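The chain below stands alone and is given as structure tokens, in the form predicted on its own.
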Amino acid sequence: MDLGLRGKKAIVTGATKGIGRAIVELFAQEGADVALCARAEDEVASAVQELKGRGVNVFGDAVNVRDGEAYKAFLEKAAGALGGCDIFIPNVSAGGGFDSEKNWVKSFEVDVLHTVRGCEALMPHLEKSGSGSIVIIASTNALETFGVPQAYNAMKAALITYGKQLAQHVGRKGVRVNSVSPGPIYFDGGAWELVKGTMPKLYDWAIKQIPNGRMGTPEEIARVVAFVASPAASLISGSNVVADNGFTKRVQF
């Protein structure tokens, strides 16, 4: 199936490793021009160089998304470098954490505000696209109780609600909004590698919750995101797509 991504212009935040990197790799493979950011300049430069080998237009810059003005400036530069924006994937996350009000503030600024600011800044470009698409990276942690009360879970839940409401608001302007909620995803340097080494009982418990006993990969999530973001998914808007290999136990009607 042709996803219709060739020639599209996609901006992805937090895209030098893990799920974000897999997303930009797949978009470039499908012939889409891509812009990306992360905090480390050397990692951004390396990712840009490798992606250019796909024969597409690539732009990247180092930015801390907690700095609202710098982040919005990056988005405008990215849209300018690509000649517009058809797809926006806000992927940056502060990650998990169990302690302190400081954690909640950071998670709000990184997960929620970075997504909202990005959607607002890029909306004029997405409207001009005629087939604008936003895919928010959420989490199954937002769907069921998981571990102890923590900001990560609550912020991801807020993003799913925000995405649903935004979809209703901008649908008339030709922009689709969805979220994708990955279950446990394992990759070198990722959260679950850390859990495996430091909290083996939690890791073993998570594996036992998955019917076939296998965590997902960034590449598998990237394929879900690419479909949902693409014109091939033109009827999907306001949805939260769960990609968890059966990890969650809720029944979704």
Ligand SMILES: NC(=O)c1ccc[n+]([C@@H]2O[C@H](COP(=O)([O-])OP(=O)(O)OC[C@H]3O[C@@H](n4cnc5c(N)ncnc54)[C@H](OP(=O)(O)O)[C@@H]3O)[C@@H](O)[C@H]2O)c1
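All residue numbers refer to positions in the sequence shown, first residue = 1. Predicted model only: the values in this text are computed from it and were never measured.
From this point on, the text means the form predicted in complex with the named molecule, which you will not see here.
- At least one heavy atom of residue 65 is located within 4.5 Å of the named molecule in the predicted bound form.
- Taking the partner from the other structure, the named molecule in the predicted bound form has a heavy atom within 4.5 Å of a heavy atom of residue 39.
- Taking the partner from the other structure, the named molecule in the predicted bound form has a heavy atom within 4.5 Å of a heavy atom of residue 43.
- Although the partner is absent here, residue 183 lies within 4.5 Å of the named molecule in the predicted bound form, judged by heavy atoms.
- Picking from 24-32, 202-210, 184-192, 49-57 the stretch near the named molecule in the predicted bound form, with a 4.5 Å limit on heavy atoms, gives 184-192.
- This chain is displayed alone, yet in the predicted bound form one of 137, 155, 82, 166 has a heavy atom within 4.5 Å of the named molecule; that residue is 137.
- With the partner omitted here, the residue from 92, 119, 160, 143 that has a non-hydrogen atom within 4.5 angstroms of the named molecule in the predicted bound form is 92.
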